[in-house]
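The chain below stands alone, shown as structure tokens; this is the form predicted on its own.
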């Protein structure tokens, strides 16, 4: 410790040294000292999370050219490199010691080899740059859910983004004292060219589950660099597995029922399946749109939003479909846009914003004009399809008052949704927790869209929408979810939703606003206010209840024809889905719990019995006629 202390005293200003030493944690000091020796920064700034420090980071981002001011006060724009626009799945790997195995579906590298490689890329990477040391807290402050984190980076854009997305953890580090129980992240942009990372071929994101440590280098894109987001989710899933709680890729929102009642729902949806729009439903309140922790407290399952901000896809955000977010993006307040188009008046533009886009401006490719192509002849869109916005949830008019409650919120329902053109009905309740986890969550699929490379309409398996972030064997993850509610008398009800069902002509059977009705019906079910119809795969709404909800909340006439089209049970499609998903578990997941196969067999038996009795397509009215 003596040598580390001397190094810190010699390399930090007196003010930053005092700030760091005020946190009496030897493991953290060792981490900082090692990072300084490795990266050799010109200077070091320790952030306390107070407004003057955050203002310094904001100003540094503009001074360094990582962000440019826009036409609205508080708004800035950041550009990532042309080939640094998404999470790098291929170069994101777990550092595994000899004898460890996460299964073939999770990418890994020998720990000794990987550490040596990534540290060689980090070596001297901050020469002539300032190292920023920031402290954050995953989950509310002073909570059983809280996980303290330290982020070391040379990117003021990354640090600025995290001050928006996460609660300050400086005071939390004072409270944990010498505890080694915190997450660590070190990131460097590496060599820059025109203010963006140059050596993309040496982009690496390596995750050490033993040490709760993430290395990231030669990248600026948020998904690779904002350590507390999906990188921390991987650490949290592993930690939760050891401690019997859950870390999930889920929103948390408040559904407002009769008499001022609020019922909290969590939900998992793969990309482009309606996750953010569900968390932001008109008339409801948002806790969070992306990552949730679940713990058992007082005989209930309770949840918190890990974050306090949103790092969302800006494409298709417009005043009609997303009025609350659009309001925040077009009025003064703290917002960071990334990879949108900036016109000559410093106004941001993005795909699907509901107005005509300029024919020229500045974007992630540099100077842009309509028709511009890249070196491979591909058209460069004015705003990148994965362009983002970063904002504070408390700045939204629908922020739920319990966002920062250290006890979390009681979870009444859990929702799983995917992009499914021909199988699942718009909303269905599972019979019980076990079937909900297995048939709804662990069987989740989503169809590819035209925006995805490759063939459109291909079904992709994505259990609980968490497959990309898994850090434990898949079978163990399923079993953890099954076990979680064992000692809970009234666990949350589990639902599936599907906003993408089509008729035989390829026309969507759901309107965009209909999702409000499906969630509000689920709210009524959680509270025992309405009955339901039993199907082979779960419980669906009665027509008269949906008719009432459509009239009350959408001022729309809901016809019996629409009800039959949407809620007809498609036996063959459901059987085919079971076959597809079971094949994956049998061939790819060596530790699949037997109860999954037993449950598949039971549901398959019910489907075939219904098929023998009613035929391949079963109207919901047939099921109520008896």
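Predicted model, so just to flag it, every value in this text is computed and none were measured. Positions refer to the first chain, counted from 1.
Quick note: we don't show the form predicted in complex with a small molecule, though the next part is all about it.
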**Study point:** Contact test in the model of the complex: residue 271 vs the small molecule, heavy atoms, 4.5 Å
**Key:** yes
Exercise for review: Answer for residue 382 alone: is it within 4.5 Å of the small molecule in the model of the complex, judged on heavy atom distances?
Suggested key: no
Review point. Wondering, does residue 170 line up within 4.5 Å of the small molecule in the model of the complex on heavy atoms?
Key: no
Practice item. May I ask you to state whether residue 223 is within 4.5 Å of the small molecule in the model of the complex, using heavy atom distances? Key: yes
Check your understanding: Mind checking whether each of 29, 119 and 185 has a heavy atom within 4.5 Å of the small molecule in the model of the complex?
Key -> no
Review point. Of the residues 364, 204, 419, 87, which one places a heavy atom within 4.5 Å of the small molecule in the model of the complex?
Key: 87
Practice item. Name the single residue among 229, 295, 308, 525 that comes within 4.5 Å of the small molecule in the model of the complex, judging by heavy atoms. Key: 229
Review point. Residues in which of 513 to 521, 132 to 140, 327 to 335, 229 to 237 have heavy atoms within 4.5 Å of the small molecule in the model of the complex?
Key: 229 to 237
